[in-house]
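First structure 1, then structure 2: two forms of the same chain, each alone, as structure tokens.
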Structure 1
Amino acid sequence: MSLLSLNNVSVAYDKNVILKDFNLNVEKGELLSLLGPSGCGKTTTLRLIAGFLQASGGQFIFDGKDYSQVPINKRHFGFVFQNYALFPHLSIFENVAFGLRQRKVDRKEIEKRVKHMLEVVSLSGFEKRFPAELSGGQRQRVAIARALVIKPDLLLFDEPLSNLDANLRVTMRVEIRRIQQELGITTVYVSHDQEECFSISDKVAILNKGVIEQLDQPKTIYKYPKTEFVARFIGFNNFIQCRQREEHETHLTFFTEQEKFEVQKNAGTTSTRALKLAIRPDNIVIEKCRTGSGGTPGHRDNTLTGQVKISTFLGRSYQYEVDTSLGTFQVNREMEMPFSTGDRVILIFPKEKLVLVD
């Protein structure tokens, strides 16, 4: 049985419905991330779990008990805010100890637990400093220590790294994952950053307008998005709309008006009705049309001829916008001799890299 379950939960702000008949399950010890664009419902879901919001319908079950009407101060959850929410006039020790003092914990026990938690977040020796004397990453670790020191039943993160620079975000996400695994605490993490979520999560739920489009392990979502929304959100920028399909023992064949695409059967071809193919820019092979070929590869499957419309230098690679009979495709390729605008090229779509999306 799941530790946390939202069953047919609905939440609305005035007449604006954010979640309707929403369902989510989180297993004990799991780090589950809620990922999606602004307004998709991820922060609303987190605030509902924390107790900042009340649902207009449905049920919130935690550890086998109905928490739907349990007030926030009775939920014993740790919450790490986007802006740290530290008390500027209190020392680091007192900031971390704040929740324990509110719970009337013995003075010696407070000292023991605060020192231990500062060790866990690698801030031993910082007890007498104040928040203004720390870097952004250090303040975030203080916020994490304060949330963890009360030994919460559940840890909640609301975009905790969005105020940090890129390099510090990478360091801090490693720290968050280390701490979560070390303590084995069940965690719900909200972010709009795909790489951040995929790097630390056991599972990721991708939300769109209050609906979970896909919930799975990060590697599964990355390789095999189920819907066009998920595919676009995680970087599948190229789509081919087909008219019909045929199923064979080892592969599927898809047909457009004039082209044919063979797709290898795998976990990304489970949909029995999808007629749209998706592929990442990195997975399309681009070659120059050979002189004397008439600029066309003939009737080879999984290929399109096209013309380079835009060439952009990305540092390690070039990105090309290529016009074809099926529309414009985005292609990335590392090479010393780049294509130029106007070059005639052949695009090859490897059958093992194409996935189906609904």
Structure 2
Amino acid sequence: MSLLSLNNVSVAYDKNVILKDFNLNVEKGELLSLLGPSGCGKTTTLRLIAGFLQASGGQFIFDGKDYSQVPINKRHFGFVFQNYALFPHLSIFENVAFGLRQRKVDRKEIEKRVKHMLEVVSLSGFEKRFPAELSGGQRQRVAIARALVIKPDLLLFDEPLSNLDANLRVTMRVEIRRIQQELGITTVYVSHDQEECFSISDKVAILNKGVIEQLDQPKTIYKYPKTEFVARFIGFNNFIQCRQREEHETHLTFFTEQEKFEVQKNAGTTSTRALKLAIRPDNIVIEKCRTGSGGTPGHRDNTLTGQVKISTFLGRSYQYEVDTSLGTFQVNREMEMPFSTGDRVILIFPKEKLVLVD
């Protein structure tokens, strides 16, 4: 059984429904990220778990017990805030010791555990300083130490790195992952940064308008998005709407009005109803249209002819917007002799790179 389960939970502010019949399960010891654009309900979910807000319906089960009515201060969860939320009037030592003092832990024990935790976050020697004297990264590490020192049953992160600069973000997320694994503590992590979520999580849940679109391992989501929203969110910018499908042993065939696409069966093609294909701009092959020989190229499967509309230099590669009979496609390509606007090209869609989305 899962350590944490939200069963058919609903949350509404006034008349704004944020979550409706929302379900989520988190297994013991894993780091699960909630990822999505702002307003998708990820922070609401986290605050609900923390107890900062009450669900209007549904059930929150933690460790086999109903936690719906358990007050915040009895939940024993660690929460790390986006703006750190350190106590400005207390020293770093007292900030970290706060949770232990509430639990009436013995003085010597407090000293030992705070010292140890400050070592874990590499802030030994900062005990007597005050939050205002620390940099953003140091403050966030104090916040993490403060949440961890109480040995919480669950650790909750609310966009903890979004106020830090880019380099520090990378260092800190490695740190967070290291500490989380070292202590084996179940964690729910909220972010709108994909790279951050993918790099530290065991599982990622992608949220859209209060619904989990897909919950999987980062690699699976990255390669095989299940819905159009997820596909778009992680950079599958090209879609082909088909009208018909045929199932074969090793592959599927899709038909549009005039074109035919073969798709190799893989983890991304399990949907039995879907008629929409998606592909990353990096995976489309672009070639110069040879009008002379070989007949009309458009008649080959998995290809489309088109005309380059916009050509943008991205540094590592070129990005082309290509107009075709099925709409505009975005293609990234490294090449010495780039195409220019107006060139006739063929787009080839490799059958192993196409995925199927709802």
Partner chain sequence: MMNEKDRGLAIFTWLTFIVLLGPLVIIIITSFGADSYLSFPPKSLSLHWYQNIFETEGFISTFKTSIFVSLIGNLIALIIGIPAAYALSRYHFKGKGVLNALFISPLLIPGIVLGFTMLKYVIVTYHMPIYTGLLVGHSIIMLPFVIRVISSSLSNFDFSIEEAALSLGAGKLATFFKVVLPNIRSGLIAAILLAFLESFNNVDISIFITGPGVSTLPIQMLQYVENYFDPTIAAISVLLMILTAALMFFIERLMGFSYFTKK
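By convention here, residues take numbers in order along the sequence of structure 1, the first being 1. Superpose the two forms; the largest set of C-alphas matching within 1.5 Å is the rigid core. All values reported here derive from a predicted model rather than from experimental measurement.
Chemist: Out of structure 1 and structure 2, where do we see the form predicted together with the partner chain?
Modeler: Answer is structure 2, the other one does not fit.
Chemist: Residue 134: after superposing the rigid core, is there a C-alpha shift of 2 Å or more between structure 1 and structure 2?
Modeler: It does shift by 2 Å or more.
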